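Starting off, we have a lone chain in the form predicted on its own, written out as structure tokens.
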Amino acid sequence: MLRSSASFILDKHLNNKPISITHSIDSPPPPSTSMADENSNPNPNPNPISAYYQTRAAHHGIVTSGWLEQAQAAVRRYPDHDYSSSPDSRRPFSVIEEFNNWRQQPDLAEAVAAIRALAAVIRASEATTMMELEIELKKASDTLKAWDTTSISLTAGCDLFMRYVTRTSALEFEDFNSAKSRVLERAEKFGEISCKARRMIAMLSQDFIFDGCTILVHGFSRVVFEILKTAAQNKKLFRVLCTEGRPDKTGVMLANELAKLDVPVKLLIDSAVAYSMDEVDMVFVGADGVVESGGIINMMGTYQIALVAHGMNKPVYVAAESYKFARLYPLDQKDLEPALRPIDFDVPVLPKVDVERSARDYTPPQYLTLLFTDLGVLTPSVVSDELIQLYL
């Protein structure tokens, strides 16, 4: 498991309540289940293969003497309310259904779909107090995070959303409706910022791509593709080396997309990275998650590419949206919660042979040069400070 960071421990001490850490990564929606089934199986996606690879707040209000009574009344009002999908068509709203509707947009990241779904929870809420509204949001957030417990970006996006929107204190407004409108306004603003993150990162990175350069990429990162697409639109002359990205061949997909843009591209087998590194001027990779140390969790093979590039003095650039910043602190590869994927070797493999099916690895910060984010261009050592600002 991923280790919780010092900031998580501090939050636990301040809030005096248990904190659960779930991690996740894209998947088809789990089958609809009854409430009894959901209670007996807290993880709605029991498939041993990671869902991601099947498809690819501090409160600033004053605590009043009536706070505890208000909280208890809110809990009594929604004792068994769950935002999971249900076959009952009479349910007015389901956060999982809303989430899956947003996920159908091909260019929308999973975390952004979750942020949009949580904003819809606020619009559909029938709560009459801020405490009830926050309880509904918390339950909806927990349901989304449980949908795929291996997705780091999904968990981080939900946590950041909760921090951002609940900074509004009900004491700032004369009535609940005004406070709710302010919360909804903040939720929609957060969703808009998240949607624009990829484009902002693409613009920030253009100064680092020069004419005549050769760029090595690994797998299919949508934000890396946006960077290369923007560079091509700006008439920059560059060449791209794409690893094939086995076993799902995502690098082949990226190579095909770049070829459609008339970008010179060369496809490499994954084991040819060191052989080809002499030709490379820089490495661009995406990230499933950015952790507190400034390291990244990404597609399997990222770590060894960073090691080779570091040994040959090639810069390694990471492109990642700020909603992927997670309060996690893995110490080594075994700290990662397994995200398993099917692997086909095209030859028979005997049952006695153990196959490594982990889908991602952890790259420590010392092998990374810069991170391009919607918060700016950061060094790995600055990530912890940015996380503190995001979660305060």
Partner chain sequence: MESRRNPRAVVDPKVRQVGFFTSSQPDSTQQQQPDPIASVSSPPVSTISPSGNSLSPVMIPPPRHNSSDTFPLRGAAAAAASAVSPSSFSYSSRRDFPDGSMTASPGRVSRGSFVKSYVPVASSLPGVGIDSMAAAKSSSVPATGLTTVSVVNMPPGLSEEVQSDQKNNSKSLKEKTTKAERRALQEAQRAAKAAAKAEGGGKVPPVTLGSVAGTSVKAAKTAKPTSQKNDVVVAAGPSEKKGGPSEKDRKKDAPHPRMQYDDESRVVKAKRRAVVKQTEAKNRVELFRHLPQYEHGTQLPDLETKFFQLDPMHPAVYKVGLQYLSGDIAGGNARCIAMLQAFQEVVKDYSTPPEKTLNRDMTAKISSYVSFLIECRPLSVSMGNAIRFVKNRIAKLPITLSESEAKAALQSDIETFINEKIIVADNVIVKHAVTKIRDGDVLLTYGSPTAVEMVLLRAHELRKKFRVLVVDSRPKLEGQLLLRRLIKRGINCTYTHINAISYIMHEVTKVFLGASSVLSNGTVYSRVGTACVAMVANAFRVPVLVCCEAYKFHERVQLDSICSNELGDPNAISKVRGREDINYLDGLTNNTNLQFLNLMYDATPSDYISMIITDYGMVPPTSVPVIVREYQKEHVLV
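Residue numbers count along the first chain shown, from 1. It should be emphasised that the depicted structure is a prediction, and the values quoted were computed from it without experimental measurement.
Below, we turn to the form predicted together with the partner chain, even though it does not appear here.
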| property | result |
| --- | --- |
| Heavy atom distance at most 4.5 Å to the partner chain in the predicted complex, all of 206, 214 and 282 | no |
| Position in contact with the partner chain when the complex is considered in the predicted complex, options 292, 226, 136, 244, heavy atoms within 4.5 Å | 292 |
| Option from 217-225, 292-300, 182-190, 144-152 whose residues, in the predicted complex, bring a heavy atom within 4.5 Å of the partner chain | 292-300 |
| Exercise: residue 355 in contact with the partner chain in the predicted complex, heavy atom 4.5 Å | no |
| The partner chain contact in the predicted complex: residue 361, any heavy atom under 4.5 Å | no |
| Distance check, residue 332 to the partner chain in the predicted complex, heavy atom within 4.5 Å | yes |
